[in-house]
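Below, in structure tokens: the form predicted on its own, a single chain.
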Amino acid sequence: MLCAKAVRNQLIEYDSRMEISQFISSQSQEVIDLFTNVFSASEGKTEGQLIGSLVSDLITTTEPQDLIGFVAITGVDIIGSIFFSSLVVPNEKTAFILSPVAIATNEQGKGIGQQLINYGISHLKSLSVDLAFTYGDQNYYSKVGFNPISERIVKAPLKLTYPEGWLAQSLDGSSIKAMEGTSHCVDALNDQKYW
């Protein structure tokens, strides 16, 4: 597991109206509401409640050193958020998984998600994290460096509904080599309904 390191909660300005910063606990309810609303609008109320619950569980049940979140803010409003949580892989590499991601419905298509993810990946690199994984749309995540990975290389924590959505990238410059054994995610993600 990654040891906790002191990290400045530095605001980064990406354009004249948006800043990206590390998630802090006082933003919890606004971030949970963002995920609930975004997924309700795109996937229906049930999915919105499911993902809102996932984010709440991630925030409240995951050890601080195993969860890193980021928010995009315009003025006082959080318009986007992402979370990386620890993923234990069957070798000595340090890994995190990106899940979930939400951008306010009226802000989608402006590159905010990509900026958040790129910022998060840079932050993980600064912490000497070796690998980043995600499970989602290959076309979208390939824009931020993720590539399909076979479970013959790295087995997902649970059975994948869409194996083509299992994606990874090396953050240390080395190639990802096959690993014997299974990976393990944090408790909040350890439920088949998310996979």
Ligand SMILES: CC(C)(COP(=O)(O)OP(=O)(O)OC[C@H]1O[C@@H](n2cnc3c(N)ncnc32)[C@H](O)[C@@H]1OP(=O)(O)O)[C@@H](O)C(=O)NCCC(=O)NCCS
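The first residue of the sequence shown is number 1, and the count goes up from there. Keep in mind that what you see is a predicted model, and the values were worked out from it rather than measured.
Below: the form predicted in complex with this ligand, not depicted.
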| property | result |
| --- | --- |
| Residue among 38, 55, 167, 129 with a heavy atom within 4.5 Å of this ligand in the predicted bound form | 38 |
| One residue of 95, 121, 71, 103 in contact with this ligand, assessed in the predicted bound form (non-hydrogen atom, 4.5 angstroms) | 103 |
| Residue 110: touches this ligand in the predicted bound form, heavy atom cutoff 4.5 angstroms | yes |
| Contact flag, residue 42 vs this ligand in the predicted bound form, heavy atom cut 4.5 Å | yes |
| Non-hydrogen atom contact residue 159 with this ligand in the predicted bound form at 4.5 angstroms | no |
| is_contact(residue 114, this ligand) in the predicted bound form, heavy atom dist at most 4.5 Å | yes |
| Proximity to this ligand in the predicted bound form (heavy atom, within 4.5 Å), stretch among 159-167, 140-148, 57-65, 22-30 | 140-148 |
| Residues in 161-181 with any heavy atom within 4.5 Å of this ligand in the predicted bound form | none |
